[in-house]
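Presented as structure tokens, the chain that follows is alone, the form predicted alone.
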Amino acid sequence: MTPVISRLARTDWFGPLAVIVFATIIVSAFDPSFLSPFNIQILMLAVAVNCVIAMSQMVIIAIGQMNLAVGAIGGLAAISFAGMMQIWGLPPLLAAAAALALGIVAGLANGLLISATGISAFIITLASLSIFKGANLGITRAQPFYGVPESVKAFGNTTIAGPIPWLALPAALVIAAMWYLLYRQRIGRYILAVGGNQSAAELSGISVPSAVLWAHAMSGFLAALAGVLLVARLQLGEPTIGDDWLILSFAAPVIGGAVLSGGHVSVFGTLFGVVIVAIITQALVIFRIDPFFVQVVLGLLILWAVGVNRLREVRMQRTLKRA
């Protein structure tokens, strides 16, 4: 094994990338239509939205917490986006900006409650999940908003070039921004430091409440963005948007090498985790297997990824003891 390959093999994203290559070869061998332009476009549409969802959870995992309200925030932003266009007649860009601002406010509310009360993020976000979902149903009366402008529908269902959809553009910007913020900006290093060891971060002069607020604000923004993108993809504001995001939002970062206790995440690993889930889902459709079976596969993948992470931690501890 050459030094370059050996170095790549130690990265978090190399394993998921190898799984993607292997799975693509196997599935396309059974059904060549898997690599058709149309199917690639379908895969990219799913990856574009799901990647933003996964990033919204990844930034919370980075700080050593969890956000159970990711789907509820995204759903509330989605129906707010669609409702403001249908009922108030707002232009799409203005409605989208308002929906994203709503996501930031929701995230900040979670962060403030966690920082001010010291209550577990699990409890706070579980409560806010119910609040945001209740607000969603109260606004919509459990009925979709259909008045989505044609420009929004076109953005969610047309391509830039070849099979590359327009939805891939905001997803790519999110990936680049998250990588830059986490690994090249002070706030990203603070978030990872707090997730790695909160006591050590405090002794280093890092404001833990500030890092928590930043993480939850980013999570809320990304969840809202995913909701807006999904409205464009589905061409309506559906009250059930976000209901099935929770498992995916945890599965992709964990598959990508994130440590659930915090302090270590991988942006590209998370992206490849999303791609793996999309390939599995599409393969089930191609092979005419019940798509709901994907929930079983996701659960097994999470267990596998957590097991691999634990094995890695044990090996590192043994290496440190020997040193």
Partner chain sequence: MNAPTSVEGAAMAESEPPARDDGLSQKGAPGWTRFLLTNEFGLVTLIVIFGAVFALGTPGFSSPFNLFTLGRTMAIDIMIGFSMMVVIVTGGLNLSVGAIGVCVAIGCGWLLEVAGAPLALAIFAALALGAALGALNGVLIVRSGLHSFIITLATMSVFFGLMLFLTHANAYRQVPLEFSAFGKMRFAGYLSPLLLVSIAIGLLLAGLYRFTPLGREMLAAGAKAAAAELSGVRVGRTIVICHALSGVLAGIAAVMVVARTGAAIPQMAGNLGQDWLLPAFLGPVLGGTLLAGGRASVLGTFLGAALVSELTNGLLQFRIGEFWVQTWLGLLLLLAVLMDLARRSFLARRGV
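Positions refer to the first chain, counted from 1. Fair warning: this is a prediction, and the values are worked out from it, not measured in the lab.
The same protein also has a form predicted together with its partner chain, omitted here; what follows describes it.
- prompt: Out of Val296, Val285, Leu35, Ile26, which one falls within 4.5 Å of its partner chain in the predicted complex, going by heavy atoms?
  reply: Looking at the other structure, the residue within range turns out to be Val296.
Stretch in contact in the predicted complex with its partner chain, which is absent here, among 272-280, 35-43, 48-56, 258-266 (heavy atoms within 4.5 Å):
Only one stretch passes the 4.5 Å heavy-atom test: 258-266.
- Item | Heavy atom of Leu192 within 4.5 Å of its partner chain in the predicted complex | Looking in the predicted complex, residue contacts with its partner chain do not include Leu192, since no heavy atom lies within 4.5 Å.
### Message
Quick check on Ile20: any heavy atom within 4.5 Å of its partner chain in the predicted complex?
### Response
Contact with its partner chain, no.
Would Gly134 count as touching its partner chain in the predicted complex under a 4.5 Å heavy atom rule? Answer yes; at least one heavy atom of Gly134 falls within 4.5 Å of its partner chain in the predicted complex.
Worksheet entry | Partner proximity in the predicted complex: Phe122 to its partner chain, non-hydrogen atom cutoff 4.5 Å | Residue-level check for Phe122: yes, a contact with its partner chain.
Which residues, if any, of 103-142 lie within 4.5 Å of its partner chain in the predicted complex when only heavy atoms count?
-> Leu113, Ile114, Ser115, Thr117, Gly118, Ile119, Ser120, Ala121, Phe122, Ile123, Ile124, Leu126, Ala127, Ser130, Ile131, Lys133, Gly134, Ala135, Leu137, Gly138, Ile139, Arg141, Ala142, in sequence order.
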